[in-house]
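The chain below stands alone and is given as C-alpha cells, in the form predicted alone.
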C-alpha cells in the first residue's frame, strides 16, 4: 500500500496520556500509522498532503444504529415511543424489501463518512445487503440481523436459523472489516426460550449478542410481572451476558444499582443515544453512576427515524451538554471524555479493540477536521472546540486502514449522486406500498 505523509497537523491522539501534537507529521504505511511527530528528511512517501488548518483525530465509531432507517427519516414524527413503533415504524417496515435496505444503508454510509464516522454497529434486517454497503464503502462495521422469535410472519428476511447461516458466511469478511452479532430484538419482545436458544447458538459460533434492553420503567414493570426479575437481571439469568463474543445492550435507561453491578461484572457494552431519548420523550438518568461504576458507556446515534441524522459530532456534544444539565454538575463529561466514548469505548462494542486511538502501529482509521473556520476559533482548547463547536460538516477527509474514503470533501468509494437518487425513489415507493402492523409493542 501507499505511504502517505500528512504535514503541519494538529494531532489529537486520544492515547492513554491524552497526548496532543502541534504542527506535526503523521505518516501512514501499509494501512497503519507508522509515525507521529517529526518525519525524517529522507522519507519518500507516495503522497504528501498539507494538513495546515486541520486536526487529525481517531475516526468516530457509532456503537448502535439502524442505518437503513434513513428511509423513515421524517416518517414518524411527534409521537411517543409506543405509538412511534406501533403506528409508524413497524407498519412501514412491513413493506421493506432487501433493495430498500441496500439503498437506505448506502445513503447512511454517505452521511456517516461525510460526518467523520469510520465504523458502526448496525442492527436491522436484510443485513446481507448492508454488508454489501460496508464492503463497497470501505468502512468497518459489526452487523446484527434482528430477530423476534414470535412467529415467522414477524421476521424480516430470515428467522433465527437463517441468520445463523448468514453469520457463518459473513463474520470477518471484507478483509476483516465486517463482524457479526446474534440479534434478538429485546426481552420485552423475545420469549425466554428464544433468548436461551440464541445463547446456545452464541456459544456454538463463538459470537456475541446485540439487543435492546431496559428502555423504560414500563418495561421494568412488565418484566417483574412476567418473570419476577428486572430486565437486566432477567437476561443475565438466561446467560445473555456470558456469551463468548460479549454483549451489547443498547440504552439501559431504567436500571438500578444491582443492574449496574451486573453490567460491570459481565463487561456489557452500553450504547447511549441521547438525541433519540429526547426526541421520543423517553426519561433517562445522568451517566454519572454508571461511569463511576465502570460501565463501558459508548455513544450511538440510534436510527435516523428517531434521531433524524447520523452525525456523531452532534451526539457527543449533546451527551456532554445534557449530562451536565441533568446532573446540575458542569464538571460532568469533562475534557475528552465524550470523544473517548465515541471512539475507544465504541470500538470495544464492535469488537475492533485496536481502533479509537492514533498511535504507531494502530490502524489508520482517522479523520481530518477543519479548524480554520470562524466557529472553531480561537483555539484556547482544541479538545473543547472538538466537543462543543465542531460539526460533522467540518470533516474534510476520512481514512480507514490507510484508504481514503473521503478526500477534500469528495467521497471516493461511493457513487453519492446515484445513491441520493435511488434512495429517494425507493423510500417514496416503500411508503406507497401496502402496509400492515407486523408486530405490537406492549411495553
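Residue numbers count along the first chain shown, from 1. Being a predicted model, the structure only gives us computed values, none of them experimental.
Missing here is the form predicted in complex with a further copy of the same chain; even so, the following discussion is about that form.
Within 4.5 Å of a further copy of the same chain in the predicted complex, a heavy atom is found for all three of 331, 374 and 416.
Of the stretches 303-311, 130-138, 262-270, 341-349, only 303-311 has residues with a heavy atom within 4.5 Å of a further copy of the same chain in the predicted complex.
Exactly one listed residue, out of 165, 204, 257, 78, brings a non-hydrogen atom to within 4.5 Å of a further copy of the same chain in the predicted complex: 78. When contacts are judged by a 4.5 Å heavy atom cut-off, residue 388 counts as touching a further copy of the same chain in the predicted complex. Proximity of residue 317 to a further copy of the same chain in the predicted complex: non-hydrogen atoms within 4.5 Å are present. When contacts are judged by a 4.5 Å heavy atom cut-off, residue 107 counts as touching a further copy of the same chain in the predicted complex. Interface membership of residue 424, defined by any non-hydrogen atom within 4.5 Å of a further copy of the same chain in the predicted complex, is confirmed. Contact residues in stretch 268-301 (any heavy atom within 4.5 Å of a further copy of the same chain, taken in the predicted complex) are 275, 278, 279, 280, 281, 282, 283, 284.
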